[in-house]
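Listed next as structure tokens is one chain, alone, in the form predicted on its own.
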């Protein structure tokens, strides 16, 4: 049955109020707080109809109503279609995010922190594996006592560094020359190709073997890390602020899943190339059966990552969707920018 406009307005008001208060909503609340233009008796009748249709539940005989999973599904579908209110760019979220990025390496952690702090929910960021990541630049920076800081930047803007041992005879000019030579040799090659090239070069070269092996070992480490999907989590503590999780066992089950990266990756990988909202059992994990997961994609190289929010079904979907859409698009632009390193 398709709900008429009045039922939709009343249902939306009940959901908005329940999201805000976590308390069952009665007809008096709707009459007092929302201008429906109808009598309290009419609102009571409409709420009874919505309950019969499966959109509302009544937890206690004398209590008001709370939205059902079916109600949240309809509400979210209306948001995603723009039927309830347009979903545009969240300028506050964009400013909050971009002001906290100082270099490319900050992007993923900053995104997770920004989303968590803006929504007061648990944020998840899945980075897709980049097995064909290529070297863009390589730099050796002198440090005291025969050591140097090695920095490798990839074509995806990912930066890794490590301290390596070098000959005491290598001054700043010599390290600059080696950096330029290695960049010219390795730029455009994948990390695994760089490893093979360095092995071959070290076997026949009289150059400082510690430098060559230092570059090789970092390339191997980066190749290993970049070949698999990874997930970052921020704000798991936020779930404890919701009365739905005052039950210790329920909270413990949620926090346990947050420590299980394989499970998180399984639900994040199943997202689509658009904003996706999964409610209750749709999330795909029994431990998260009372939760909702909202995700938005971002592009990195030839693959897609996912940024999401996980929390109780009683979440402000409108704000969450706008925040994720905005930051996901910003991440796509950042990872696609050749000017950021």
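By rigid core we mean the largest C-alpha set that fits within 1.5 Å across both forms. Residue numbers count along the first chain shown, from 1. Because the structure is predicted, anything quoted here is derived from the model rather than measured.
One more form of this protein should be noted, the form predicted together with the DNA, which is absent from this view; the next part is about it.
In the predicted complex, residue 25 approaches the DNA with a heavy atom inside 4.5 Å.
Heavy atoms of residue 58 reach within 4.5 Å of the DNA in the predicted complex, making it an interface residue. Residue 53 falls outside the set of residues with a heavy atom inside 4.5 Å of the DNA in the predicted complex. Among residues of the shown chain, residue 44 is one whose heavy atoms approach the DNA to within 4.5 Å in the predicted complex.
Partner contact region in the predicted complex: 32 to 40, out of 32 to 40, 274 to 282, 303 to 311, 289 to 297, criterion any non-hydrogen atom within 4.5 Å of the DNA. Fitting the two forms on the rigid core leaves the C-alpha of residue 293 displaced by under 2 angstroms between the shown form and the other one. When two forms of a protein are overlaid on their rigid core, residues whose CA moves 2 Å or more are considered shifted, and residue 279 is not one of them between the shown form and the other one.
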